[in-house]
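Two forms, one protein chain; structure tokens for each follow separately as structure 1 and structure 2.
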Structure 1
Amino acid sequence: MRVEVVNTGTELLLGKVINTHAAYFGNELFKLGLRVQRQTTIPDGDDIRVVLEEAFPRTDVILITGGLGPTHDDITREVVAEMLGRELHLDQSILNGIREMFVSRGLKMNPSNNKQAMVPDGAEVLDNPNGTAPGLFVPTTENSPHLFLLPGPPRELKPMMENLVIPKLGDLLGPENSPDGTRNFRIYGVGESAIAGRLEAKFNEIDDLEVGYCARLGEVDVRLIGPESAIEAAAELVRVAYPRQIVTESEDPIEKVIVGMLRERGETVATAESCTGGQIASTITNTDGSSAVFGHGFVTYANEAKAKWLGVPMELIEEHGAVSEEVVRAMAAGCLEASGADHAIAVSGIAGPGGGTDEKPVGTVQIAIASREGGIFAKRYYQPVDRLSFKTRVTRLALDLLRQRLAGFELK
């Protein structure tokens, strides 16, 4: 089954937005054993017709994103109907859904949204609980492949892919086409090339195994694909090589892992953040149910705030500087005390671009973990990357230290 992807969106071609759809589709379809044979990005507007005319004869499935919005340059729905010689009809239940969404937000529905409720005859509606435009599935005809018309925004697209498109593709493939399995390992504290260097030769000895890597700021996903026996053999290699570094054998974010561990233990964590500016607290609270384990967070950007809320002596800051092991230990201890939590995370560093010195260049950061049982551990790191990447890396380094402590590893 040949699959192509067409992404419409002027912003993707102007370079304002990185097109993550292509990689997302590649990953999702791979789970079904399918591969994207071609991906094309075009501006909003008339080009969709040309691209579809070219693609219709040579492919079995086309996944199209974007062009379902309310504005004049959103024409995917209309072009597809015209190419297939179908009428568009108003779907009253879609219209009602759009109207309700506007009402629930206290807004008035705009007449231009009406067109989002238009459906080509013979198309199946794919519900979109996260936006106004539903997706559409138009089954293959003599002259056209299966067409999926999907919304552009990832938070609308992804649930629709997982809940509706992937199962439908699975049906189209048929039961005889049993796809390979997949297993993900999320690993912290070791790089992609180091993992590949250590394990690739052994992976190569396992028949029918495919291994994919995806590295992001401080975390690496190792994805094993193949029959169950191959995956299990490879998984055992990963487990033996990285007992401490494996955060999860899933795609859960580290904060979900930590919230789960704390809930299981009936314990809590508090945060005292300087350079991350609240990102550690915000990351923890991204997890459903985090209120059971997180009650207090301090963003002590100013030295005065470190003194006032965490009880860090001003003399300590003056003597050692705000980015020092002494200060970050005092922050962690003070946070534990002030919050009454079982664990405290404290960070202080130089995010840049200003504020660096020869001794403490931009990218220097001190992280401390304090626990009622287990004492205070502090460590210096150096992450000379841009400001936003720095904040994310430090957030992950800090959360991973807490994870290791909760998992019973001695911190080092």
Structure 2
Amino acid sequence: MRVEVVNTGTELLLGKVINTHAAYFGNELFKLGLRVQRQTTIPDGDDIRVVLEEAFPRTDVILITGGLGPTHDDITREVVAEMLGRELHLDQSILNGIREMFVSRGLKMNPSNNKQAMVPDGAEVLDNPNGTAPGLFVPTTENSPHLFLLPGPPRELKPMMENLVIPKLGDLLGPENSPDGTRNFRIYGVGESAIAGRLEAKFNEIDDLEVGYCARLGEVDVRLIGPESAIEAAAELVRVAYPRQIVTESEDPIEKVIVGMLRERGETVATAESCTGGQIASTITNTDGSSAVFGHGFVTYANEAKAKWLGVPMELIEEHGAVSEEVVRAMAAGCLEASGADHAIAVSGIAGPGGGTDEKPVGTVQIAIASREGGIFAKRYYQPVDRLSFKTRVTRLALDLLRQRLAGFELK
């Protein structure tokens, strides 16, 4: 079954609102074994007509978001009715529901809202308890695919999609539908090209396997798609090739993995940050349940702060510099002492664009991982990227070093 998505909304094209619908639809439809063949974003207004005229002959299902509101440029239902040769009729039950929603909120209903109760003949109404615009399902005809007209706001769209659209698509696919499985490997410290170069030829020997890669700063996702037997054969190749570098066999971020590992061990972590400015602590605390494993985060950007809060001797900083193994070791040890945590992460580096030297160029960072049982590991790394990317790469690198220690790997 071929599926296309059409997102309407001038604000999407002006960059005022991020279009999250494409990723959401792709993820939800894949669970049914469906792939989005094409996604089109258009402004409000009559462009919807052109897009649908082009899409009708080549697809089986079109999901349209937006254009169901009360304003003059919300014309999705009108254009669809015209193209299908259907009349629009007033659905009194929808109109009553809209009125009740305005009354419950102490607001006066505008006459323009009446158009949201107009329904093309033959269309099925999809209830929207979270907004005034109901969705519509228009079954396929000889000259048109199945059409789903859906509201644009995510808080309205997602419940409708999950409760009404997905079940209906499942019915259209029938009981014989058998979607492919998928498994995701999140790998740190190895580039996309290196993984492909090492494993691509072996992947190609596995029948019915599809492999996808998604590279981000410091990490790569390897997604395996196909029958379970093909996925498991490929998964074993990945496990053998990268036993240390695999963070998780899921899409969970590394911070969720670490919080889970610490909770299972009944241990805690604290942070002492200079160049990342608190980003490591912030990343950890983005995870539900992090309060059970994280209690202290020190942002010691200035040398005086390193001395005052972490007990780093000023003489050590003056002798070796703030970005040095000696200082970052002292930061990690001081963080353990001040926080009482079981593990500590310490970082000190040069984010740039200025401040580098021949000996310590911009992008240099010292990272230390200290544990009450396991001692202190410290190492110098080089991340020559822009300032914000530097902070993200250092954050992920430091977290991955902690993950490796928790997993029992010797740091090196």
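Between two forms, the rigid core is the largest collection of C-alphas that superpose within 1.5 Å. Remember, predicted model here, so these are calculated numbers, not experimental data. Every residue number counts along structure 1's sequence, beginning with 1.
- The form predicted on its own appears here as structure 2; structure 1 is the other form of the chain.
- Core-superposed comparison between structure 1 and structure 2: the CA of residue 249 stays below a 2 Å shift.
- Taking the rigid core as fixed, one finds a CA shift for residue 18 of 2 Å or more between structure 1 and structure 2.
- With the core held fixed, the Cα of residue 49 is displaced between structure 1 and structure 2 by 2 Å or more.
- On the core-superposed pair, the CA position of residue 122 changes by 8.0 Å between structure 1 and structure 2.
- Comparison between structure 1 and structure 2 places the CA of residue 141 6.1 angstrom away from its other position, after core fitting.
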